[in-house]
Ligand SMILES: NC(=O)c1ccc[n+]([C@@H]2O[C@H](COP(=O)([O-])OP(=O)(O)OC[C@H]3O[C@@H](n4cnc5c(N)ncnc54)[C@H](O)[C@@H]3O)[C@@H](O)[C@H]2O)c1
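Shown here is one chain on its own, the form predicted alone, set out as structure tokens.
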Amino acid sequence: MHTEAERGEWPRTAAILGAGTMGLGVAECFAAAGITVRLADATPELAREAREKLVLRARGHAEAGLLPEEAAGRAEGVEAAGGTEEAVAGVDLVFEAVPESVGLKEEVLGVCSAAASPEAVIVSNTSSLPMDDLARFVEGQGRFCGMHWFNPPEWTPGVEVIPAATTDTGTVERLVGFLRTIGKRPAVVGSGPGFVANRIQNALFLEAVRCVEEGLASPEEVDEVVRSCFGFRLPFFGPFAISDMAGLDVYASVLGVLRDGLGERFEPPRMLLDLVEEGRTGTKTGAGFLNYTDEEQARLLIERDRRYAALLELLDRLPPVGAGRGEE
């Protein structure tokens, strides 16, 4: 988490609407960065209880050495609002994090967009609902945008920024810039079902379940394969860079075997086959999904090896988590 000294001028004030796991985590991030935060929930009593949880949570992070004492102490300044209108009055940024119910979001977004300043940016932390549908509930749709954080929000760097068709470009740029100043890694994505992260994550999950159902491995063994094989590379490289380094011709061949054995869900995509036919098979040819100069090829591979070695050393120092294995 980044602190006040590292953050830009905007926003100075924010309202968090919905004090569940995501709302509290985002509130802690904002407060640690020096933003004045108001927290609202379904009732004033729940908001006050959530504020106390937030203070304890920040203290625990400080005691664990995860957060500077000064930054953790800023959670004490978070205000528990008496309701949505009180929370959003005069703030720069409204962060809606209520449950994934279109009816509830319609109610909350309608109330907050009417009560907030016309200049306030309003974001929804929905993980799947279409932005264009939610934008209809907001007065001044150009200031509305999706902002999908991931659990735990204090430590997960990625945030999906999802504009609606009516979102102003300036709103997107302001949010992306702000997120970067508090240490996040925003990506602007389209408003398709599940956006990008949940679409890919759930595709992996479905295949993991199928591997267990078909008797290939136990859940524990699947988790080990994912985290220590291809998952080991994912903190540093995404699927396109990884496939380029492996060779797109290799990927096309493997997908052909999977398609023959498991069906059309593994049909090699036309985009991949076209690249292979063009001779763009990855880093070994200087081009695949991405382009590489000779210098970039050499630097990429040595940097890859350096990062993997550092991660392996870190993992070797950490005790096993033990979840699902009967360990404490």
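Computed from a prediction, not measured in an experiment: that's the story for all the values here. Just count from 1 along the sequence shown to find any residue number.
The same protein also has a form predicted together with the ligand, omitted here; what follows describes it.
- Using a 4.5 angstroms limit between non-hydrogen atoms, residue 174 is distant from the ligand in the predicted bound form.
- Taking the partner from the other structure, the ligand in the predicted bound form has a heavy atom within 4.5 Å of a heavy atom of residue 104.
- Heavy atoms of residue 243 never reach within 4.5 Å of the ligand in the predicted bound form, leaving it off the interface.
- At a distance threshold of 4.5 angstroms between non-hydrogen atoms, residue 99 is in contact with the ligand in the predicted bound form.
- For the options 108, 80, 115, 161, the residue carrying a heavy atom within 4.5 angstroms of the ligand in the predicted bound form is 108.
- For the options 127, 218, 166, 181, the one in contact with the ligand in the predicted bound form, meaning a heavy atom within 4.5 Å, is 127.
- With the partner left out here, the ligand still marks one of 231 to 239, 203 to 211, 218 to 226, 143 to 151 in the predicted bound form; by a 4.5 Å heavy atom cut-off that stretch is 143 to 151.
- Of the residues in 18 to 52, those that come within 4.5 Å of the ligand in the predicted bound form through at least one heavy atom are, in sequence order, 18, 19, 20, 21, 22, 23, 40, 41, 42, 46.
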